[in-house]
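One chain comes next, on its own, written out as structure tokens in the form predicted on its own.
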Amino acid sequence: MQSPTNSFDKISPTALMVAHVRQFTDIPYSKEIAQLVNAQAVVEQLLENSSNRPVEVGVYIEGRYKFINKLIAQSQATQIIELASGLQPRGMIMTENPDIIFVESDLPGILTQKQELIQKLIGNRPNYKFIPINVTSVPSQFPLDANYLNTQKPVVITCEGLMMYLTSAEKQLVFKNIREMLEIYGGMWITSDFNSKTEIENIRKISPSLQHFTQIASNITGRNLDDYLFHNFDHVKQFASEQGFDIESYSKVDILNELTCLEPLNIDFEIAKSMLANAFVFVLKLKNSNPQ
């Protein structure tokens, strides 16, 4: 399916769905992005004749975005690399601080169109870089020796809404490429993407509409997301360890009071609380790495 806005027809409908939901939050630039890409029209197409609108996914989307931001801030890193950034506004916001170097990456077609959006909204910033990266590419397309990054300073690599679409073999390639990056710069990988069957089953019991959302995403991508889930957190830890990483998990419930989507989307507070209590963000560091 193509976006009704022809100039953005390479942007995935899943990114447009997330952009549509994000506009009901207080995250800067979210409303402007949703309007520029006509996200509303895409959602109406996808949910045609459906009374089961998965509005509660807004809790998940806003929660992961804000919790990742919280962990990035706590890291005090000034070099940020976002993978598969899609329509995320994070780079536009963080580069308001001239001391932060923000590298935004995605597949070439999507990234070019994202740059068009950014040009319209904020123009050029010298600390805002755009690098096309296929995260599973061998050899790595990561900026291993970029002149705009300082090897004496750690990096934070982040992604949200990426890893759940990848097979186990593809996940291993991403781990390999990120490991190479962190071996040079140090730092950490912050992501919400290691979903497990236990986690998703618990959330679906609380919010049945999430099943509808994941079914739509599976239909769009041609990948059944349930096939790519880890069994539980022990499985996640084992997989990460085999790739050379230590991993810590953090419940998103700590971000509950910062959510702003509940009222405009008419989401019950207790449902939101239960959803976040069963959803996690992860911090990964290389084994035996020095604390950053």
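Since the model is a prediction, treat every value here as computed from it, not as a measurement. Residues carry their position along the shown sequence, with the first being 1.
We do not show the form predicted together with a small molecule, though everything after this point is about it.
Heavy atoms of residue 177 never reach within 4.5 Å of the small molecule in the predicted bound form, leaving it off the interface. Although the partner is absent from this view, residue 64 contacts the small molecule in the predicted bound form, with a non-hydrogen atom inside 4.5 angstroms.
Among heavy atoms of residue 187, none comes within 4.5 Å of the small molecule in the predicted bound form. Taking the partner from the other structure, the small molecule in the predicted bound form has a heavy atom within 4.5 Å of a heavy atom of residue 84. This chain lacks the partner; the member of 18, 281, 276, 284 within 4.5 angstroms of the small molecule in the predicted bound form by a non-hydrogen atom is 18.
Here is the short version: of 162, 210, 144, 173, the single residue with a heavy atom within 4.5 Å of the small molecule in the predicted bound form is 162. Heavy atoms within 4.5 Å of the small molecule in the predicted bound form belong, among the stretches 128-136, 91-99, 115-123, 202-210, to residues of 128-136.
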